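In the block that follows, a single chain appears as structure tokens, in the form predicted on its own.
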Amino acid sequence: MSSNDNATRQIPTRAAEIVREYGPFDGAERIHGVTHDGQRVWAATEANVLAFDPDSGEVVRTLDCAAHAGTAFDGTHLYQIAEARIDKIDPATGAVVASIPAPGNGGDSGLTWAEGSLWVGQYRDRKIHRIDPATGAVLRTIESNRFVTGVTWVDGELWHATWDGDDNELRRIDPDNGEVLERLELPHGIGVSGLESDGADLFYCGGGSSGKVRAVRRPKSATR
């Protein structure tokens, strides 16, 4: 969004505090998406979705299902981007119970659940869509001025991740107009492939080809 360019430059940038790294995990060359179910962190690794204990770092469950990008949890089911669709998955069995089309038709990235809807990042188109989880219909769209590689909501705050070269960030944006409100700059060379809050003070960030998941401390903002 070109109108955000000046606003972005005026926002003070803070260094992201990486508090822990997990992985690489056996058999997982890449991390494509992450979510948190209140106890475990789930990570999409292309051939499967694995869950690990954030305290011990141990993998506690693996679901054999296609997992090419973002992952989300609605309190009961997992949602997983697989090619150009979003699969609704029973986390107890790994069974796909429903599928809807992804709005980016294969160009989708981040995924999260909030307010009864799925929120989907559309990577190179630099958009975040709110979609109907039953039909995939796009309900509204927010534009960004950088690639969108992860999206999450926490305490009414909408955050998205960027991965565009070696200088990347987590950014809090205004959900009404996409204006950048806060930026966390990651160390040079570290990108984010998937983003999810734990509902408290951490963000979990997929590490792409590093095969890692990183926990980043959520800053105390003016809204808290």
Partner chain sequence: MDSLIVAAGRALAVGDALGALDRIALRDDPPALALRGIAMAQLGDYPRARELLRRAARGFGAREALARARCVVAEAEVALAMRDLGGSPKLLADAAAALETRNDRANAMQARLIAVRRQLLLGRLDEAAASLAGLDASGLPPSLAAVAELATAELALRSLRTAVARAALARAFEAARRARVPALIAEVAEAQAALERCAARTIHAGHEQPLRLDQVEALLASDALVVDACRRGLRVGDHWQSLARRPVLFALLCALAEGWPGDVERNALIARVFRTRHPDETHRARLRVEIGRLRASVAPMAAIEATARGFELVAREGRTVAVLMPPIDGDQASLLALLGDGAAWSTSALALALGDSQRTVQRALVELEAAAQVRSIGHARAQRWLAPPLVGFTTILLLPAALPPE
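Positions refer to the first chain, counted from 1. Predicted, not measured: the structure shown is a model, and the values here were computed from it.
Beyond the structure shown, there is the form predicted together with the partner chain, which is absent from this document and is the topic of what follows.
**Student:** Do all of G75, I100 and D132 end up near the partner chain in the model of the complex, with near meaning a heavy atom within 4.5 Å?
**Tutor:** Spot residues vs the partner chain: no contact at all.
**Student:** How about W113 - does it come within 4.5 Å of the partner chain in the model of the complex, if we only consider non-hydrogen atoms?
**Tutor:** Contact with the partner chain, no.
**Student:** How about H32: is it within 4.5 Å of the partner chain in the model of the complex, going by heavy atoms?
**Tutor:** Output for H32 is yes: heavy atoms within 4.5 Å of the partner chain.
**Student:** Test of understanding: in the model of the complex, would F147 fall inside 4.5 Å of the partner chain by heavy atoms?
**Tutor:** F147: yes, in contact with the partner chain in the model of the complex.
**Student:** Could you confirm whether D164 comes within 4.5 Å of the partner chain in the model of the complex, counting heavy atoms only?
**Tutor:** Within the cut-off, so yes.
**Student:** Picking from 195 to 203, 49 to 57, 177 to 185, 164 to 172, which part of the chain touches the partner chain in the model of the complex when contact means heavy atoms within 4.5 Å?
**Tutor:** Single hit among the candidates: 164 to 172.
**Student:** Which of the residues spanning 66 to 85 lie within 4.5 Å of the partner chain in the model of the complex, based on heavy atoms?
**Tutor:** Counting only heavy atoms within 4.5 Å of the partner chain in the model of the complex, the contacting residues of 66 to 85 are H68, A69, I81, A82, E83, A84.
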